[in-house]
Ligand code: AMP
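Listed next as structure tokens is one chain, alone, in the form predicted on its own.
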Amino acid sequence: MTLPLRIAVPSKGRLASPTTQLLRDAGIAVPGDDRRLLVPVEEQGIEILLARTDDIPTLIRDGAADIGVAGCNQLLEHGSDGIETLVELGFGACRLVLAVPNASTITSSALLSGSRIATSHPNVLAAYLEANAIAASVVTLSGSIELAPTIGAADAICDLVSTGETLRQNSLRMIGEVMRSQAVLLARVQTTPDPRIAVLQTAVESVLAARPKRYLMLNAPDAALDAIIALLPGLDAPTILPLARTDMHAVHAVVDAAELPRLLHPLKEAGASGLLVLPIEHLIP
């Protein structure tokens, strides 16, 4: 009997919602409003394991999950041995930075020697300090990192930031960057590859490739066909189809969504008509 493919999904935090949406877009029927932490999707031969994001790399390495989503920072903190990164997912972007109180005389990470640095990423920070010959002490905390200098628990912090607003609200300023992170799709390294993982990886990649693209359809007079095609910065050569009218062709193209505002008016001016823009659910370039 084949065991279900177990997918570890963040149960809360900034990666939870985008991960669930990505899996749903990839065709995985992730249940909503389910209080169970291990949710079977029997019709697809899948189990959804809802877990703390920090735990997901360990769960995959130990075989408790076959595949899952976590941040690069968590993978580096908990070790990547036995785990492979399949896909960079493009969401959950953040930076692990060093910061000090605004009143501190420390102006760069090179001046942190002799300091105490509070962090929830002690392994990543220790590796950074060693690599940069900074003789500082690591104070491991699991929460309220930004308060550590205020309450005298540390002289500086090493914490994740997205916009930097939390640092500003706590009267802290950044003095260095340790690493950049984003969400990644992870799987356990296997001697015998599980084809179901490859299927899921392809589905996820096709969703990510499709998100910034749109399918553009239009009708072009034959006399303006070359000029209209020249305006299209598509994924590949556009598809040209004859219409019932002998003097017109249909043009289909995949274009960047960001390009559309500047494209539509020139296409109309060149003679295009019947312009139609559609979302794309899956795309394999």
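So that there is no doubt, residue numbering starts at 1 and follows the sequence shown. Treat the numbers as computed from the prediction; the structure is a model and nothing was measured.
Missing here is the form predicted together with the ligand; even so, the following discussion is about that form.
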Candidate spot Leu15, Thr53 and Cys94, all three in 4.5 Å heavy atom range of the ligand in the model of the complex?
-> yes
Among the candidate residues Ile197, Val161, Ala210, Val87, which is the single one with a non-hydrogen atom no more than 4.5 Å from the ligand in the model of the complex?
-> Val161
Ser115, Ser206, Asn170, Ser181 - the one with a heavy atom within 4.5 Å of the ligand in the model of the complex | Ser181
So which stretch, 19-27, 6-14, 271-279, 257-265, is the one near the ligand in the model of the complex (non-hydrogen atoms, 4.5 Å)?
-> 6-14
Does at least one non-hydrogen atom of Pro149 fall within 4.5 angstroms of the ligand in the model of the complex?
-> no
Please run the contact check for Ser109 against the ligand in the model of the complex: heavy atoms, 4.5 angstroms, yes or no?
-> no
Does Gln74 reach the ligand in the model of the complex, with heavy atoms at most 4.5 Å apart?
-> yes
